[in-house]
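For reference, the chain that follows is the form predicted alone, supplied as C-alpha cells.
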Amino acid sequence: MTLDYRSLLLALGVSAACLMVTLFGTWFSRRSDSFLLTLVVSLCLIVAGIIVYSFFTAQSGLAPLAIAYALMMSGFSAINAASVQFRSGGSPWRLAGMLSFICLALGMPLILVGLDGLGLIIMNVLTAILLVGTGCQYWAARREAPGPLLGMVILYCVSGFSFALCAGVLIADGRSSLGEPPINWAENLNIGICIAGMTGIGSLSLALHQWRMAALHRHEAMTDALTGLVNRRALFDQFGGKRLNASTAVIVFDIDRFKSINDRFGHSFGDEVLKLFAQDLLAEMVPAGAVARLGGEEFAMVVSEVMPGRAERIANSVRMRFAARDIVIDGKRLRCTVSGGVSVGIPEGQPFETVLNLADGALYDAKDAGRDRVEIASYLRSIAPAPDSRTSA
C-alpha cells in the first residue's frame, strides 16, 4: 500500500510539473496574463513540497514533514493569490506572503513539537479553505469567461472538499501524534482528485488565457489606440444597422486648423490635443450615447434619448469647454477650437449612415461659416437622400 501511495504521489508530482512547464510556456509567449506566472510559482512550490513529502512517506521524521508543510502551504497560498490577481489585477505577492505566514503560524509549531497528526489536520483544513476561496474568486469573475471559469470553480471546490475529507478522517482517528504518514482511502481519493483536477484546471487556465487574448484582440480592433475611444469600425458595428428616430442625434466634430497645429508644434503636441478633446467628449457624453474617433481629427458622438435641442446644447457645451482649455505641453501654450455638425433622426426612423452623413454636411457648413461653431442639418436636408460627397467610409 505504501508503494501504491508513493506511486500516486509521484504521478501527482509529474502532473504538477508538466502543468507548470505548460503554463510557463504560455505566459512566456505573451506576458499580459501575469496570473499564469503566479500559478507557475505556486506549482513549483507544490512540486517541491510533494517531493519532500515523499521522503516523509519513506522514512517518516518531522523534518521532511515540516519542510513539505511549509512548501505546500506557500504553494496553495500563491494559488489563492493568483485568483485574486486574476479578478483584481493587483500584485499577488503581498497576499501570498500574508496567507503563507498565517498558515505556517497555525500548523508549523504543532509539527515541530511532535503533534504531526494535528499539524496534518490543520494543513488539510487550511488547504481546503484556500482552494474553496480560490473557487469563489473565479466565481466572482465568471462574467468575463463563463465556461472556463465555471469549470475552474467546480474543480477547485471539489479539490478543496477532498482535502476536507482527509482532515475528517484524521479527526475521526483521534490521534494527535502519528509518527508516520497517514495512508487511508481519503488520502488516495485526494491524490486522484488532485491529479484529475490539476489536469482540468490546467486545460481551463489555458482556455481562459486564449479567451482573454481573443477579447484583447477584439478590444484592440475596436478601440482607437491614441484616445481610448471606440473607432469607426466599432461605431458602425454598434449603430450601422439601426434606424435613428427623432430622439437620437449624431454630432460630428472636427478640430479647427489641426494640420497647422501639427506643422507648428509637432505631431506629439497634436496627439496631446486629440487626447484632451477626447476627454471633453467623454465629459459631455450622455449615459445612452457613444463617442468615437472617426479618424484624424474627426470625432462623432451619438446622443440617444434626448429632447429636441438637447443635442445642439451638448455640441456647444463641448465646443466651449474645448475652446476654454489653456493647453500647455512642454512649455508650449495653445488654445484650440472645434467645429461641429448636428443631425437628428426622423420620427419614422432614418438609417444611421444617413444621419451621420447629414451631420458631416452640417460640420462642413460650420467650417465654411468661419469655424468654432455648431451647425444643425436642416429639416429639408434630413428628409433628403444622403449626399454622395463627404460620405463616411
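Heads up: residue numbers just count along the shown sequence, starting at 1. Owing to the predicted nature of the structure, the values given are computational and were not obtained by experimental measurement.
Absent from the display: the form predicted together with a small molecule. The rest refers to it.
Identify which of Arg212, Arg233, Arg257, Arg175 has a heavy atom within 4.5 Å of the small molecule in the model of the complex; exactly one of them does.
When the small molecule is considered in the model of the complex, the option within 4.5 Å is Arg257.
Counting any non-hydrogen atom inside 4.5 Å, which residue from His267, Arg264, Arg143, His217 sits next to the small molecule in the model of the complex?
Only one listed residue qualifies here, and that residue is His267.
From the candidate stretches 268-276, 143-151, 178-186, 192-200, select the single one in contact with the small molecule in the model of the complex, where contact means a heavy atom within 4.5 Å.
The contacting stretch is 268-276.
Spell out, yes or no, whether the shortest heavy atom distance between Glu297 and the small molecule in the model of the complex is within 4.5 Å.
Yes, Glu297 is a contact residue.
Quick one: does Arg371 come within 4.5 Å of the small molecule in the model of the complex, counting heavy atoms only?
It does: once the small molecule is placed as it appears in the model of the complex, Arg371 has a heavy atom within 4.5 Å of it.
Might Arg325 be said to contact the small molecule in the model of the complex, defining contact as any heavy atom within 4.5 Å?
Answer no; every heavy atom of Arg325 is more than 4.5 Å from the small molecule in the model of the complex.
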